[in-house]
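Let's start with one chain on its own, the form predicted alone, as C-alpha cells.
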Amino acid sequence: MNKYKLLLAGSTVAIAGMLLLTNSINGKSEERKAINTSPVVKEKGVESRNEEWAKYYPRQYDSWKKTKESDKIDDQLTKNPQLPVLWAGYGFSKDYNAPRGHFYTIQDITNTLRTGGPIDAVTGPMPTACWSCKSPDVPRMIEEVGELEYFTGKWAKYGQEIVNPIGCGDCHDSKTANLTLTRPYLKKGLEASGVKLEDITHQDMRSLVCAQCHAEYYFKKTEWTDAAGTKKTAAVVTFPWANGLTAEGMEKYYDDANFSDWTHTISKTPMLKAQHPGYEMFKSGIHAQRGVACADCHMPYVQEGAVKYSDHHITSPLDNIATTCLNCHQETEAEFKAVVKTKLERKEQLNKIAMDNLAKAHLEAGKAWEAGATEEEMKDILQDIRHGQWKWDYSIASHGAFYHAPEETLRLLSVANEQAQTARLKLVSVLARHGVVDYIAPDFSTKESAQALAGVDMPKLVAEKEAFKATLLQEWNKQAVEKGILNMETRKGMSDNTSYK
C-alpha cells in the first residue's frame, strides 16, 4: 500500500512540475512572440520622443538611459593645448570635449561655446546643420519642412523644435521598428561612392545607422527657391565620398572643389576640419573586412530569460570586454587591456609629435607673413600645412579610430608629421630671405597660452553663453513642452557639466 502511495505522490509531483514547466515555456513563448511582433509606435512620421518608444521596448530604453552615466567632461583643449593653435579662427579653438553618452547630445550642443550665445532665431555663429547629428527631431523636421528649408538659416532657428537627444527614431522606422536611414545625405553619399541602396544588407545597416552621424561631412552651400519664390541659401550636410572613403580621396574632393572650412587666422591657410569620420576609418580596418558591424561591439546582445535584445547602452567595448572583444580575441581580460594600453601609448606619441609640428608650422607661417613673405613664397607651404593637418585630424577626430583601424591611424599620423616638417623646412628658407633667423615659436604649452595666441576671448564667450542659457534656452524648452514634443521629466538626473565653469 505504501508503495502505491509513494508512486502516486511521486506522479503528482512530476505532473505538477510538468505543468509549471509548461506554463513557464508558454509564458516565455508569449514573451518572445510579443517581442518579435513589432508594434506601431507611430503610424505616420517620425516619433522623436524616446519615452514613447519605451512603452513598447522597455528593455532597450532602460539600457539606453544608462548612457546618462557617461557625464564626465574631458576637456581636450586642456589635455592637448596644441589644439587652439591648430584651430585658430575656428569654433573648436573655443571649446572641445571628448564625446559623452547619447543622453547628453542636446545638452552638449546647447552648452558648447562653439554655438555661441544667440539672442533670437537669426543670430549666432552656426547654421541649422549643426543639429543634424544630435536628435531624432532632425528627421522629423526634415520631413515636416523639407530638406532644403531645414538646412537654411541659423542654428537657433530650431532650438524649440530639436529637443530630444539621440535615440530610437534616429535609427528605427517609427511604424515598423526596422533599422532605417533617416538622414537623406547619407543615402546620397553612399550613392556617390558607388553603393546601390537596394543591395544594402541587414548587417550593413547595423553599421550604416551609425554612419548617419559618425562620418565626415561638410556644409555645401546650395542655392534654392522656396514655394513663395524667395531665393535662399542652404548649408546642406554633404558626404565627400565621390572619390572613395579614404583621407586622400576626400582631400582630392575638397581640393578639386576649392573648398575650405575656414581660413586660419595665424598662418592664413585655407583649412579643412575633419568632423568625425568613424565609419570611413572603420571601413578601412580589419573588423569591417571580417564582416563585423558597429553594433556587434558597441551594442552586444543581452539575454534576459527568454528574451534576447541589443544593449543600447552604447559605449566603448572596453567597458564590457567579456561580451564584446573576448568573443573573438583569445587573451584574458587583463592581457587584452595591457595590449591595448601599450598600443594607445604608441599612437599618442605620434599624435603629439604631429600636433607639435603642425602648431609650430602655423606660428612660423604667421611670422613669415609678418616679415613680408609673398603669396607665391607661401603657396606650397600652406598646401603642405592644409594637407598635413587634414590627415592628422582625419586620423584622430573620430576618437575610436585607432581601435577601428590601427595601421591606417598610424600611417596618417606619420604622413601628417612628414608634411608638417616639410612645411617647416620650407619656412626656414622663407624666413631667412626676409631677415628672420633662429625664430622660435611662442609657448603654447597650456590651454590659456594657446588660446591667447589664437585670439580666443573666453570671458566674453562664457558670458554670452550663460546669458543665452538663462534666457533664450529657457524659452525654447517652454515652447517645446507646450507643443508636446518635450517631456522635462526625461531630463531628470541630467548633470550640467561644462569645461568652462
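Here the structure is a predicted model, which means the values were calculated and not measured. Quick note: we count residues from 1 along the sequence shown, nothing fancier.
From this point on, the text means the form predicted together with another copy of the chain, which you will not see here.
In the predicted complex, at least one heavy atom of residue 417 sits within 4.5 Å of another copy of the chain.
Contact check for residue 107: no non-hydrogen atom falls within 4.5 Å of another copy of the chain in the predicted complex. Proximity of residue 410 to another copy of the chain in the predicted complex falls within the 4.5 Å heavy atom cutoff. Although the partner is absent here, residue 123 sits far enough away that none of its heavy atoms falls within 4.5 Å of another copy of the chain in the predicted complex. Judged by heavy atoms within 4.5 Å of another copy of the chain in the predicted complex, the contact stretch among the candidates 326-334, 127-135, 74-82, 177-185 is 326-334. Only one of the listed residues (230, 374, 289, 203) places a non-hydrogen atom within 4.5 angstroms of another copy of the chain in the predicted complex, and that residue is 289.
The listed set 246, 193, 265, 421 contains one residue whose heavy atoms approach another copy of the chain in the predicted complex to within 4.5 Å, identified as 421. Looking at another copy of the chain in the predicted complex, residues 353, 357 and 433 each place a heavy atom within 4.5 Å of it. Residues of 424-449 placing a heavy atom within 4.5 Å of another copy of the chain in the predicted complex, in sequence order: 424, 425, 428, 429, 433, 438.
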